[in-house]
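The chain that follows stands alone, in the form predicted alone, written as structure tokens.
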Amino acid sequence: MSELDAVPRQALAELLLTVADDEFVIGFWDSEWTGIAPMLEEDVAMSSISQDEIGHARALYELLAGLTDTDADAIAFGRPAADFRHAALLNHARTDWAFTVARRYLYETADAVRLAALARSSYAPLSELVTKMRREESYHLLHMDAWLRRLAAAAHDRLASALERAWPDAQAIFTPPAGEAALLEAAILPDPFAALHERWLGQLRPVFAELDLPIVSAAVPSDGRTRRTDDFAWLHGEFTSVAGSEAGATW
């Protein structure tokens, strides 16, 4: 697709921003485990996964910058906290390892469903980028699936409590982007987010039943990509501090 009409272009920009912000924010949250993860191997693994996520965010921001004639650094580090579009699941501080595993598992499974759809996008730059991202994301999902099963056996109640806490805000990953109808009409988005949400729930149910973990159906909250917290305000201050200290710095 060499040209985009104004409405699909604006809707595509919103879609790119939501996915990029999800990757960016979870990457920074989980990078906090560097040096303090439960074991040395996990210290390295979580650092690598976080680096992957921030790299994916960078690629998406660059795609967005080309679409909107802006600057990727300014998008990533120049916006106030209120302008970020990440899902409510990513508003929470990392807290303990059980919560990190619960959140990361919910995010990775949801992201896998979303990326599988975007890989079929009619917008070639997006589908090509997502195809590359999925190669790394598949390893992230395998890693967190192993940890989910490990904690379900060794710390079941603690994991279940973490999942119950994260569950309502996890639904926000599937909050339909502004302009979804235009994206669907142009086949930039092959499936509506409501359908992706149901697909995700269908994949989770047998896993949670097998591990005797709580799962409830939940509607996608309407404010899931606009509500922000003090925890995120703190993280925003951390990841913008270097860029804010020197105008024109690049990553």
Partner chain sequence: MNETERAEAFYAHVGSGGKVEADDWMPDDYRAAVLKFVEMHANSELMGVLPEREWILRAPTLRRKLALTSKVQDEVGHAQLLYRVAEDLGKPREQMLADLMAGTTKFHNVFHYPTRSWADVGIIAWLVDAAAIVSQQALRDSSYAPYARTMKKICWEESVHIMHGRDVVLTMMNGTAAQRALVQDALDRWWGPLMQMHGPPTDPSKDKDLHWRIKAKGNEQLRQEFLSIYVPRIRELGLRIPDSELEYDEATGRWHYTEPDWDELRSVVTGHGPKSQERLAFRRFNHGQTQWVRDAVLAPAAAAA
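Positions refer to the first chain, counted from 1. Keep in mind that this is a model prediction, so the values were computed, not measured.
The form predicted in complex with the partner chain is left out here; the points below concern that form.
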Subject >> Single option in Q203, T226, S48, T70 placed near the partner chain in the predicted complex, where near means a heavy atom within 4.5 Å >> reply: S48
**OP:** Would you mind picking the one in M39, A219, V216, A209 that has a heavy atom within 4.5 Å of the partner chain in the predicted complex?
**Re:** M39
Original post:
Counting only heavy atoms and a 4.5 Å cut-off, does the partner chain in the predicted complex sit next to every one of Y105, P168 and A195?
Top reply: no
Original post:
Pick from 144-152, 168-176, 107-115, 124-132: which stretch has non-hydrogen atoms within 4.5 Å of the partner chain in the predicted complex?
Top reply: 144-152
Original post:
Is R120 one of the residues lying within 4.5 Å of the partner chain in the predicted complex, judged by heavy atom distances?
Top reply: no
**OP:** Examine L17 and determine whether its closest non-hydrogen atom to the partner chain in the predicted complex is within 4.5 angstroms.
**Re:** no
Original post:
Wondering, does H140 line up within 4.5 Å of the partner chain in the predicted complex on heavy atoms?
Top reply: no
**OP:** Classify E185 as contacting or not contacting the partner chain in the predicted complex by the rule of any non-hydrogen atom within 4.5 angstroms, answering yes or no.
**Re:** no
Subject >> Partner contacts in the predicted complex for 56-83 (non-hydrogen atom within 4.5 angstroms of the partner chain) >> reply: R58, Y61, A72, D73, A76, F77
